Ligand SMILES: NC(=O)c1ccc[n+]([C@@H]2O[C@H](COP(=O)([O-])OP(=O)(O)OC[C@H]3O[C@@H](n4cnc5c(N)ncnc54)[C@H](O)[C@@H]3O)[C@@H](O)[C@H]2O)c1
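Given next, in structure tokens, is a single chain: the form predicted on its own.
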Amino acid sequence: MLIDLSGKVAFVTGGSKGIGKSIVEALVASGACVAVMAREQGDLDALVVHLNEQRPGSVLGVVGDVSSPEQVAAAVDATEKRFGALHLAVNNAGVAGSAGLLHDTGHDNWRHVMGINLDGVAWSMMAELPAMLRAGRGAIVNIASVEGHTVLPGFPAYVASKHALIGLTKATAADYAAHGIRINSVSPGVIATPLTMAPGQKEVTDRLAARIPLGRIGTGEDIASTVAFLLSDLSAYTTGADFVVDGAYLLRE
């Protein structure tokens, strides 16, 4: 059964590259109109132009930072004004932060990571949920991580933020179910992105891939297809769940 999001309006944070870009492309291909929020103007403009060439008027780009409640609220408001409503959202923006022991990485790194990975999702949902209540229903997917189920040595702030994000997803799913809004999360494993495949990092990625039971690292499309399913009516009875998409990374020896 094909995923059909025709007539739906989606809002995606961190959507100009990597996993976020794959998600935006999948949603547009499924028929949705999509507002994309990202911090870098150049990548965002290029994506918007490319996708609007395929489906004219289907994509809106908004420059902004999810760590700012005001900028997120303005982006969601722009989405409603452009497309008339908001039905779907993917809160994808995230950062890893600096590597090191907690006391070495310090206060600024902790606040930076939490400000985007946790606060940024909360601010986004605070803007998205009222819009979905106005629309009468909705679906949200928060992008967590396999590190929300285990630990990544040397990245305590990142690990803490992703554990907390899964908790936030479950808590809000319970609160908004009666309002017709479903909220789930997806926890990607090792995924091929410009960052993980960059010179100096690709060697680490390849070593990890060799230990993944499925025998390969994931792609942005692997994550995007799961997200599209969770946003669609095919998952109408699913809320408060976290979907691990990792090729059995968490089960490796």
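Superpose the two forms; the largest set of C-alphas matching within 1.5 Å is the rigid core. This structure is a prediction, so every number in the text was calculated from the model and none was measured. From 1 onward, residues are counted along the sequence shown.
Keep in mind that the form predicted in complex with the ligand is not shown, yet the notes after this line are about it.
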**Report entry** Interface segment, criterion being heavy atoms within 4.5 Å of the ligand in the predicted bound form, picked from 127 to 135, 79 to 87, 176 to 184, 155 to 163
**Finding:** 155 to 163
Report task. Identify which of Val190, Cys33, Ala224, Leu51 has a heavy atom within 4.5 Å of the ligand in the predicted bound form; exactly one of them does. Result -> Val190
**Report entry** Position in contact with the ligand when the complex is considered in the predicted bound form, options Leu214, Val204, Ala210, Leu195, heavy atoms within 4.5 Å
**Finding:** Leu195
Query raised in the report: Does at least one non-hydrogen atom of Val95 fall within 4.5 angstroms of the ligand in the predicted bound form?
Result: yes
Query raised in the report: Is there a heavy atom of Ser232 no more than 4.5 Å from a heavy atom of the ligand in the predicted bound form?
Result: no
Report task. Answer for Ile116 alone: is it within 4.5 Å of the ligand in the predicted bound form, judged on heavy atom distances? Result -> yes
Query raised in the report: Does the ligand get within 4.5 angstroms of any non-hydrogen atom of Asp65 in the predicted bound form?
Result: yes
Query raised in the report: Even though the chain is shown alone, can you say which residues of 131 to 149 have a heavy atom within 4.5 Å of the ligand in the predicted bound form?
Result: Ile143, Ala144, Ser145
Query raised in the report: Ala209: CA shift of at least 2 Å between the shown form and the other one after core fit?
Result: yes
